[in-house]
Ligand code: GLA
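Shown here is one chain on its own, the form predicted alone, set out as structure tokens.
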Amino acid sequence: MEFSKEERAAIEKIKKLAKENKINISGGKIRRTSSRFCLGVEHGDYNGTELFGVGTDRFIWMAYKPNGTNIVRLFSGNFPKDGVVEFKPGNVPEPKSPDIAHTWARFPWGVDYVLRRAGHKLTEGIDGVIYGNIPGGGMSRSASLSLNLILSLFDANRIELKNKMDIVDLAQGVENDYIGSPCGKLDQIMILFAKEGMGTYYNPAKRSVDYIKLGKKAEDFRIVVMDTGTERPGLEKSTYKIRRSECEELVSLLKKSGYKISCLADIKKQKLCDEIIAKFSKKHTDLCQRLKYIFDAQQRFYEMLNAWKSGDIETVGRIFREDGIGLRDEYKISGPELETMCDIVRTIPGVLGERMLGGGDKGASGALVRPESVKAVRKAVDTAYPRSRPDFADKYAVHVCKIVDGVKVFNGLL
């Protein structure tokens, strides 16, 4: 098996961390879970829209081996100050308690909690080392980690689930019910089901996943992620939580007024959307703005999907940009550093579209870029971003990403 330079570097780093922290992973496995890049609808999952995205090559790597005990021992190379996290399954802090607020250990603890709640008793402990290069906001680091932990502990304990959507539900439960982060299912779906070279399409009404090839006539392009260097708090502490509650508030108001809907995605007709905005905008201006973004993004979604199928990458990029403007101006979920990155690259020829990524406030922005323009994007960011945001001059990064499988297991590397 041949490995890229990045893969070899990650494996060597994991080996070094294991040795330094006396974690025995010799003869074990490495599971790699990807990041994700959403093409639509960002913030649509908890509003009931259809979803489309790809897996991207920024990863969480977890090397692990059953240790013959009932103790889980884990070390994260990204959070070395936490040291080796050690616990007995079934003996973890209470959900959403102060004990879990400031440590990455809330993720393995949360996995144990949701697995036991679902009737999956862990009897085999593991030794494991985790390392990742996913930016801290916008590419779903937390979902990738939760999925990796669940799949690795399932493997060590010889547990199999036939329905992969059940794994999505478990990973969402780690964040929703244990950590207190109000995430939807977009991130987990786009990572768990991702396939190299394919777009992943999710229909919530059917809970179904289909793969869509990019049309053969498509011009080449690159996915570029611009990490602003900012640290984003968990979704439970961010504007994301506010936006989600606003959308739920509007749905509740509409139900009380006799509208037969269960989520904002149920509002599909222009006439109905206009009627609701006219009726509620005077008293609930902000809520109606949230609806306008979701409605317009949902209409654009189908155009984007057809453009992807036909290989019209210019239209995909244009819609990506329009979604970004809606997220900024109507959904109001973006942040100043995110928009600085967008402003910098928007003027560069060959940038097809750009917008903020993920939960909002902080983190990363993304762009669809022609290959010949990638160098110009890097140069523009390197020149302009440190001037505009000097506090993050030594923290930002530009990632050029490929579309990859969401989950991959390597054997015999340790």
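One rule holds for the numbers: they count along the sequence shown, beginning at 1. Since the model is a prediction, treat every value here as computed from it, not as a measurement.
What comes next is about the form predicted in complex with the ligand, which does not appear here.
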The ligand contact in the predicted complex: residue 366, any heavy atom under 4.5 Å: no
Close approach of residue 185 to the ligand in the predicted complex, 4.5 Å, heavy atom: yes
Interface membership of residue 46, the ligand in the predicted complex, 4.5 Å heavy atom rule: yes
4.5 Å heavy atom contact, residue 58 to the ligand in the predicted complex: no
Listed range touching the ligand, judged in the predicted complex by heavy atoms within 4.5 Å, from 186-194, 217-225, 310-318, 90-98: 186-194
In the predicted complex, the residue from 75, 178, 240, 295 that sits within 4.5 Å of the ligand by heavy atoms: 240
Listed residue that, although the ligand is not shown, lies within 4.5 Å of it in the predicted complex (heavy atoms), from 264, 235, 134, 129: 235
Interface residues of 359-383 toward the ligand, as seen in the predicted complex [heavy atoms, 4.5 Å]: 359
